[in-house]
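Form predicted alone, single chain, as structure tokens, below.
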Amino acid sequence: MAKNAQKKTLKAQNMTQLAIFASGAGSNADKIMDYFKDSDRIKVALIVCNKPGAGVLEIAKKWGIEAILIEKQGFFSEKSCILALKQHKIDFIVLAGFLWKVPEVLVAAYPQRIINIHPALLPKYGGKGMYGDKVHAAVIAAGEAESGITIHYVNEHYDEGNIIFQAKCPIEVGDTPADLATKIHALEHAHFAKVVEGLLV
């Protein structure tokens, strides 16, 4: 028993601890948690949410992963969020539909260790206020033939960190923002967890 306990302790020490930040339903978070549920290298250790009642909180409960709620003033003006991340020994942060801009103090605490997924092909259709259906509506209104996803590092500016990965999908004549959202979600679910794994393993 003692040897088994020691092995478990060593395994836990060697695992990369992930925090997922999310604001909404949490479908990407769910896919990531499912992908790493049996991993001996990467563990989703914490969900950070800024919206009471968000679906991602129920998903965290389903997977037995601790979730914390943050409020805006504290997130931007204090180091309480960083302290919580340190307490959970978080090594890497994944933004999965998190709508607040990450403050510089957090970027500085986790340099090149925070990534985001954006529902368009950056550098187009990024920046403040560009999220969800707003992005898809803008892409369609511009007459683009394709859209896609961008996974990128987070810096102190909206959607301007170095690009890690992109995947594309066609836009058909008559596609609505909802149609495009369905295609984008499929790309997110297919690629996000694998890209995270590639960065960490």
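In this text, all values refer to a predicted model and were calculated from it rather than measured experimentally. Position 1 is the first residue in the sequence shown; the rest follow in order.
Not pictured, yet referred to below: the form predicted together with a small molecule.
Although the partner is absent here, residue 170 is not a contact residue: none of its heavy atoms lies within 4.5 angstroms of the small molecule in the predicted complex. At the 4.5 Å threshold, heavy atoms of residue 117 reach the small molecule in the predicted complex.
In the predicted complex, the small molecule sits within 4.5 Å of a heavy atom belonging to residue 131. The small molecule in the predicted complex is approached by residue 96, whose closest heavy atom lies within 4.5 angstroms of it. The listed set 27, 50, 166, 176 contains one residue whose heavy atoms approach the small molecule in the predicted complex to within 4.5 Å, identified as 27.
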